[in-house]
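Okay, here we've got a single chain as structure tokens, the form predicted alone, with questions on binding and movement later.
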């Protein structure tokens, strides 16, 4: 049996035996075949069955439900979509507001499913705190971000500024300059969600086959080492593992994010830190930090990981000492009392990044292929939106979901933007990341000359522009 329990803290916390479901041994003929028993595949199956219970649906999974990003992420269930500001920029103000409301409603939609299906995944809707915490430039950056949100028609009910005094009422960090609070975010144990969803769709009649890597796929069929599946609709729901299903890897690259978790902290320590309502938090730097207080009182903390040449998957997520210590350094900058705390778990995962950093929900009626992905690290919530949207597209339901600007209702994979060939991707990624690291080191040093601070930020901002 694979060591699935060691994938992450979340999988380690499951109160269930991780026994694989049967693999695919015989040929099938179904209405919908889904590749991947992660969030996108399971949500798609769930909403298809809710709308049309008679559908015959099979999910074929290479490992087990939760093996991929669904069991490895940071546990933020966000009411957001990567690149939403640029995607919605061309809409009229009322249409833009409606789209934001749709996105912001994702956590509540998931909560309704959890209640209906009896899934306990430690759901706590405490919002998210974006903190200006480690150097003063973060305050200016966050205030500019808030101004841009208000310019798009959002208001204090969506995002509000917290003074340093208001911020420390929720999270007590070492150098508070202020921050932004958004209400549309919940924290969860993501492995409990994906495993609970798998059981829910099975109760609805969906067949899940595990330990069954797909070797070939095309319009109308897929095949594993032992059997084939014929279908009217095929949904490759593989996100960060798109490189395993050519030609999807041209459009969606795997990048890695890495996390650590501390030992359970005492009540007295948490009284010093705060986060007593299930809030998610991050500090405003291009290192992309994210954290939460787990249900068993650990600090879970992650930061940007890496990209491997050729868009290769990272298979070994036994983090190096330097990878662990970078995350320790970042969280101890916020909470100095945790500088020497024991780190009991470290892990990471592959997530999918599309060109132009824009998610997509695509349905090609001619080929019978539908896919959703490119979530760029925001997939815990975005996958629910993706599953709902794919279900409506496949069933030709005329809903607000299918009329959003991230939906490609007609056209095949060619409608997606392909990534540049190597070595351009690798060189570009590393140049950008090095500019981010240089900026962070410069700004975190109080002795840096003003001109150095401005130059570091301008270079990093210029390089970040290439990402889009």
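What you see is a predicted model, and the numbers here were worked out from it, not measured in a lab. Positions refer to the first chain, counted from 1.
Here the subject shifts to the form predicted together with a small molecule, a form of this protein not shown in this document.
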If you check in the model of the complex, is residue 231 within 4.5 Å of the small molecule, heavy atoms only? no
May I ask you to state whether residue 381 is within 4.5 Å of the small molecule in the model of the complex, using heavy atom distances? yes
Is there a heavy atom of residue 63 no more than 4.5 Å from a heavy atom of the small molecule in the model of the complex? yes
Does any part of residue 245 reach within 4.5 Å of the small molecule in the model of the complex? Heavy atoms only, please. yes
Determine which one of 23-31, 47-55, 438-446, 66-74 lies within 4.5 Å of the small molecule in the model of the complex, judging by heavy atom distances; exactly one does. 66-74
Contact residue in the model of the complex, chosen from 279, 284, 350, 189 - any heavy atom within 4.5 Å of the small molecule: 350
If we test each of 235, 238, 391, 193 for a heavy atom within 4.5 Å of the small molecule in the model of the complex, the one that passes is 238
